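Next up: just one chain, as structure tokens, the form predicted alone.
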């Protein structure tokens, strides 16, 4: 059993592969719903969140706190679903969102351009030239988003455990190949793996609590949970009375399962 994340280009068959894997393995399947769940956590519309995926890098660079808050919300929603130990997710940057999660299988699906063009023509009723242009524009927007969010090239094979090319293998063959990989003993949900998955989720929840607080959202704080303990790192301003530290401590303790908060924050004088 594994958490399978499928990365793919526009109209490359990611949803078809995900549906095949879900049926074959009996796993739940997740796609755009993760953005909708994240939107609910942030109190914004799903459309607003999805539109951020196509924002230009300069916009994201100017609103880094918004970028971080969005990423943490999506990561937390995805981690909530992955806690069962088995899931098929087809969406953008799933492997990067869940980086460090044990039991994770990252797959990159590649499809010939002619097949992708035909799919767009069928869906949108556009001609071949317009369909290819649509594919390149959407692929570029998604690649730009991943580069700005994570500093990675979404097409880099080193990000994936398995790269499947539909030029040389059928969809049925791809499904069988990924399903076989997902059943590898290295991905088995042992007690130790499940404990680490729970720690991963707790870390995400604490990060989300910090990233959505109006006083703290501009700070780049991180959290690493181990059981009931969480360690907070990053940089924060040292204010009179230690208000910032108290706020961080209070928010982290408010996350279910967290009983102890250890501060590894580097404090700086906001008025040197």
Partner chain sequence: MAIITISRGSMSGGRAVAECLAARLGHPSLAREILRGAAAKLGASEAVLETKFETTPRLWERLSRERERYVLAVRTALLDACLEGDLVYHGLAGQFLLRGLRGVLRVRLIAPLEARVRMLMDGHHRMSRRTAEDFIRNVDEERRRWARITYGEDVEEPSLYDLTVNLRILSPESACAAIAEAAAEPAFAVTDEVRAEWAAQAAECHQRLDSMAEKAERWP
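Residue numbers count along the first chain shown, from 1. Model, not experiment: these values are computed from the prediction.
Omitted here: the form predicted together with the partner chain. The next part is about that form.
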Please name which of the stretches 136-144, 198-206, 153-161, 115-123 has residues with heavy atoms lying within 4.5 Å of the partner chain in the predicted complex. 153-161
Taking the shortest heavy atom distance, is residue 184 within 4.5 Å of the partner chain in the predicted complex? yes
If we define contact as a non-hydrogen atom of the residue within 4.5 angstroms of the partner, is residue 190 a contact of the partner chain in the predicted complex? no
The partner chain contact at residue 168 in the predicted complex, heavy atom, 4.5 Å: yes
Proximity of residue 130 to the partner chain in the predicted complex, heavy atoms at 4.5 Å: no
Within 4.5 Å of the partner chain in the predicted complex: all of 173, 176 and 180, by heavy atom? yes
Residue (of 110, 194, 148, 71) lying close to the partner chain in the predicted complex, criterion heavy atoms within 4.5 Å: 110
Please identify the residue among 87, 92, 105, 97 with any heavy atom within 4.5 Å of the partner chain in the predicted complex. 105
